[in-house]
Every structure is written in structure tokens, then in C-alpha cells.
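The chain below stands alone, shown as C-alpha cells; this is the form predicted alone.
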């Protein structure tokens, strides 16, 4: 690569849903833009997460890009909630349809990015020794892309096959006849367990903290259904734009107390039998706000779990006691609870028998050593800010993003950080995309960022940066909404917790809870008023 080829108008880090669309928009602006992707191809989340059971929990047709009617009409989804291989094919289809692959560089692991204050350039260093420069730097690195391993001694000593779900092997794993351990029962673990339980010889599930789960109720999409979906895309995306979380499911505009007992029970049974997030996001409006209403619905779900798990003791261990339904992200499952009815599946509560170490043969708890052929670590992510922390971002005067966010992430509108000019943190902390249906929210953020870049180009501006005052104002606004939701009263990645990471066992204001419509309105207002909160040079 020559020196001339090493400079670009814009560099985008990440070739997932976000990076793909950002590249497309910048190319439409006539900019020399490139994507740096650490994987061997595009896809982001759907490139890496190849574990059994990985699939959408939002409807396929609400997850895809909405900006191109041609793409919408050409692509057929096979299931209401598509599995990872199909979604990866979809992303590749979009990349090739838009002619973007030639502008993507793969096997590029970004080590650091440093802003040159005098030259108004970002210097992006890769682990292969190369350094590229750009005027504008966009991060599309994912909110759940910094996988975390558990803090257990001896992880490297295990002689069988082991992997974190995020780094599941590209080649299919042979599960049949194997003794398998899964550590973790979050959204990923729930999908894995339901998928492999019927296949393996033995399965031990090591659970620290149960989650409230609900059935996905997935099914195939017939040709007739797909034709109807294609004819209804305008209505589908209009519905997504109207709901607080950008999904097809929005709250019922009634409080629980307004509804007779028999009617609410019938409605809840219908919700439980319906596909997708309706059971979480399509409930009575106060179920996620009012503790009494939440407790009543949680009791309803607890009874559903008891009805599906034959062993009463196991059922009780699978029912959360420290938080109510929906106050953490709800894992959507397929025959997850039925897995515990199989004679070769055992639930191990690590609160009763803690894991002491991983041994060459398997897992040692306070009860002794159990041998395994495969260990799956479904132990989650250093969510939202973790992927940023793993890249050495350095702004003006040597300030680092890691230090700037040491106590709390601070952004303006979730898209820029004071002291880091020309850096756009797409899908970063305190943007609406973190707590909503990802692609529609990403389209909002990308289109807004592209409009800002177009404004910059039109006015011959070389540099755009936010101010500490604007950053503080946005942080205060984000923080002010936290007391209105039960989600913020629970320890989860939504509220910045991860016990496998230093300094992640406390509340952090990492997400915007005001809802997608309010966020869109705020972005539009800022643009209409000439971008207050930003300084242009």
C-alpha cells in the first residue's frame, strides 16, 4: 500500500449492519471511504456468532434494512426469526448488491486510533503494522462484540474443545455422543442449551443467576406470507417507527389495574403463545414501570416455567428471585425449559456448588471434578463500551477515550465525544440503537451522521467536534430518564454491569431510555437548528 492509498476521507471500523450502511451513505456522498473489519468477511455479529441456536429475536422482516425497496423486494426470509447462517447470507447479499465489498478490508484488527490535532487527521494503526489516515473516523464496532471469559482459574488447561460462544468455530462442532458443559444462562446460553440438549450424551448447565425467558414461537415463512410481507413493508416499518423500542410490538395503552383479572389472564396467555418480543414489549404499559404490576406478571411467567419443567426443584432454580420479568433483556427461547426434562441434562447452581477451577479433564466444583469433552462459555460481553476500550482511542492533547469514560461514558447524542474531533461513535453508548431494534435505529444514526458530513463538505469544514457542555447536557438528560423504568433497578448489561470485568459492578448510564421516536425527534431538531452543541472549523 502506498502512502497515497493509506489516506481516506473516511474510515469505518466494523463491517456489520452499521458499518455496511455507513459505507453506502458515504459512497453516495462521493467520499473515498473504506471499512476495516477484523473478520474474514462482512456480517459483524452474524459473522462471529456461529453457535448452535443463534438467531434473531426480532422479526426478520423488521430487522433488515428498510432504505432500499429493491433489496426488500429481492430478498426472501425463510423464517419469522432467521438463524445466523441466513442472516449472514443476507448481509453479504446487501454488500454485493450495493457494490461495497471492494471498499472493505478484511483481517484488519485495529489496535489504536490517534487524532493529529495539527493536521486534522486520524491515524489508525493496525496490528499488522500498517497505519492508515483519514479525516473522519466512524466506529461501527458493535455493542456486544467484546466477549468476556469467566474469572475461573485453569481455563487454558482444559484439554478438550472449548470456546466462548462469540468465537464459536466456523466448522460445525460434533455434539453427538459428547459430554458437554455450558457455563452461563443468559440470552446466548439459553439458545445454545435449547439447540444442543437433544443431541449430546450429557449436558451440565452451570447457572449463577437465572433469567426470565419466554418462548420465541418461531415458524417458517411460506411463499404467500413472504409476498404479503413484501406488500406490507411500508406498514411494517411505520409500525417500528411508532413504538418506543423500534419493534413491531408496542405497549398496550392501559394500566394493569384497569383490566379485569380474567381479561388480563387471557391476554397474557395469548402473549405467551405469540411470536417474538410481544410478551415483553407488548404488555400493559405499567408492567415495566410499576413494581406491583411487574410482580403480578412475573408470577404468571413463573407458573409457566413450573408447568414446563417436570422437576419442581429444578423449576424453582430456573425462576429468578432477584428481579422481575422484563427488567433485564428477555432471552427468547425454543424448548429451553423442556431441555431440563431430559434425563441426561443437569442444572448445576454455582451458588450451591461454586466452580473452583477448570481442570485438564473438565470442571471442578466444591462437589468434585466432572469430566467433559466440550466446554461452552456463554459468559457474555463487556457491553457497549468494551469494544471501545479494546482500541486505544487518543484525542486532543493525548486524552484517551478509555480514561474519559472511566467513571461513566460521556457523549453528545451518543454520536460524538468532547475532545475527539471528527470521531463518530455510531451505535455507541447513550444512543438509541443500544436499547432498541438495531437496524432501524442504526439507519437513523447513520443517515443523521451522513447528513452532518454532507453539511461539513458543503461548507468546506475540516473539523467538527462537540463541547463538554453539550456532552454534560446530554448525559444529564440520559440520566434523568433512568428512574422511570424498572430496567435500571436491575443488574444487567443494560445498566453497565459485568462481574467478569474490572470496575463493571456498578450502575453506569450506558443507554438512552427515552425511546426511538424521541431520539429521532431530538436528532432532527439539532440538525434543523444548525447543529447546536457542535463546533465547526
Ligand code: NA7
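Residue numbers count along the first chain shown, from 1. Worth saying up front: this structure is predicted, and the values here are computed from it rather than measured.
Omitted from view is the form predicted in complex with the ligand, to which the following refers.
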At 4.5 Å by heavy atoms, is each residue in 216, 249 and 437 next to the ligand in the predicted bound form?
no
Of the listed stretches (240-248, 127-135, 387-395, 179-187), which one has a non-hydrogen atom within 4.5 Å of the ligand in the predicted bound form?
179-187
Against the ligand in the predicted bound form, would residue 144 count as a contact residue? Criterion: heavy atoms within 4.5 Å.
yes
4.5 angstroms heavy atom contact with the ligand in the predicted bound form for residue 500
yes
Going by a heavy atom distance of 4.5 Å, is residue 329 a contact of the ligand in the predicted bound form?
yes
Taking the ligand as it sits in the predicted bound form, is residue 420 near enough to touch it, meaning that at least one heavy atom pair lies within 4.5 angstroms?
no
Of 194, 275, 320, 150, the one that lies within 4.5 Å of the ligand in the predicted bound form (heavy atoms)
150
The one option of 474, 63, 512, 493 with any heavy atom within 4.5 Å of the ligand in the predicted bound form is 493
Go through 376-404 residue by residue and record those having a heavy atom within 4.5 Å of the ligand in the predicted bound form; state none if no residue qualifies.
378, 379, 380, 381
